[in-house]
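Just so you know, structure 1 and structure 2 below are the same protein chain in two forms, each on its own as C-alpha cells.
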Structure 1
C-alpha cells in the first residue's frame, strides 16, 4: 500500500510538470519508476505510456477551453509525428540504438543552450518570411492568437517555416519510433525554435499532440503485456490529479520562467540520452 501511495504522490508531481512543459512526463516518470521505485523496466515503460495519455487528456481540457492550443496546427503536425513513429517501429534495429541516443542527446543539450538565450516571449508578426511558407500557412488558417495571462493581452502570432518543421517532426517521429520513446521535448523545440511560436502555445499544443502519439503506440505496450494495472493505476490517478494543477500553474507562470524550467528539463533529457548511448541500454 505504501508503494501505491508513493507512486501516486510522485505521479502528481509528474502530472504538474508534464502538463506545464508539454512533454508528457516520460522523461520525469521513467527514471523515477526504474531507479527510485525499483519497478521492472517493461512495467515502467507501460506505465509511462499511460502517463503520457493521462497528462495529455487531463491537461487538454483546460488548454483547449482557454484557447492556448493551436488545434489545427496540432492536428496537421500530428500526422507527421504519428506516421514517422509508425515507420520507425518498422525499421527499428536497422540503425544502432546507441548512435540514435547519442544524436538525440546532443540535440537536446544543444537546444538547451539555445533555450537559455531567451527571446521576447511574444514575437511580433514576422517581418520577412519567405513566400512559400506563407502560401501554406494562410489557406490552412494556422496563424492564431491566444490571451497571454502573463502579458495581460491578446497575442497574435504567425506560424513560420511550416514545411521544414513538418519534415523535421517526421524524422524525429521515425527516431522516437525506433527507440520506443516519446518526443514531446522535440515537439516543443520545433514549434518554439523553428516555427517561432510563443512558448505557451508550443507547450500546450505539444501537450495535445503527445496524447495522440502515445495512444497510437499504447496498443504495442498492451500486447507486449507491459501495462500492469497495479503500477499503471496509481500513476494514472496521480497524473489525473496533477495535470489540471499544471494547467492552473501555466496560466500564472511568467513566460521567461517557463523557458528556464524547460532548459533544465532539456539538460536532464539530454543527459539521460547520452547515458543510454554510453551504457548501451536497449530502451
Structure 2
C-alpha cells in the first residue's frame, strides 16, 4: 500500500473519531504520522492542524443543523480559551514543562475513571416550567435542547456553573499555549463535569471550538512551510470523508457507549502526557 493510501485510510478513522469525540483528530493523527509513518515532526504538526480544521468543518455543519452544538456557549467559551492560549505563548518557559505534563497526565487519568463511572445528568424540564425558570436563571440564553435519536425524544438541558467554567478554560488555555498542545479533551471534561451538559453536547461543542482555534493558528503553519502538500492532501481528504461518518454515528450511538469510548481516549492522552513528563519531551 502506498504512502498516500495509508495516510488517506488512517485519516478517515481519525476524522470519524475526531468528529465523534470533539477532539479534532490531531491527537490521533499526530502519533501515527511521527511513530508509524516516519513523518518529520514539523510536517506532522502541520498536517495535524489541517486535520483539526477539516474535522471541525466537516462535522460542525451537521451538528449545528441537528442542534447538538450549543453555538452561543461555544463562542463565549472560546473567548476564554483563546485569551488563555495567547497568554500562555508569552509566558512559555517560566514553569517547568515536565511538571505541567505530569499534572495534566494525572488529571486526564483521574478524569478517565470519573468518565467511566459517570452518567448523563437528568434532563432539564422543558421551557416554561416555573420551578425550572426560578432555579436556573439564564441571562446569556445558554440553555438549549436537541433531539436524541437513540433516546427518541427531545433532551432539554441547563448550563450550570458558567463562570467557574469560563475561568477554568482560561487556565487550560494558558497551559495549552505554554505546551503547544490542543485542549479538546479538557474542553469536553469541563462542559461534561463542571457545566453538567449531555455528553453529545459537550463533544460536538468542543469540536466546533477546536476548529475555530485551529483555523486561527493554521496561517502560522502555512507561513513557516510546515504544511507539506504530499502529507496534508491525503490527510485532508481522509478527514473530509471520515468526519461526516462520525456525525452520522453520533446521532445513533448510546450516550453510555460514547462515554466509554472517550474513557479510552483519556487513558491514551494521560499516558502520553506522563510519558512526555518522564522523558522530558516538551513537544
Partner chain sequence: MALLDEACVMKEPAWNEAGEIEIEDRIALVTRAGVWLSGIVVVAGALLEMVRSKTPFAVGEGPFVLHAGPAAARETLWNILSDVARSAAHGNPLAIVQAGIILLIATPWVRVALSIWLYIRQRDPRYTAVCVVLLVTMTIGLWFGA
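Numbering follows the first chain given and starts at 1. If you superpose the two forms and keep the largest set of C-alpha atoms that fall within 1.5 Å, you have the rigid core. Keep in mind it's a predicted model, so treat the numbers as computed, not measured.
The second of the two standalone chains is derived from the form predicted on its own. Residue displacement note: residue 251 has its CA displaced by under 2 Å between structures 1 and 2 (rigid core superposed).
Here residue 225 counts as shifted, since its C-alpha moves by at least 2 Å between structures 1 and 2 after the core is aligned.
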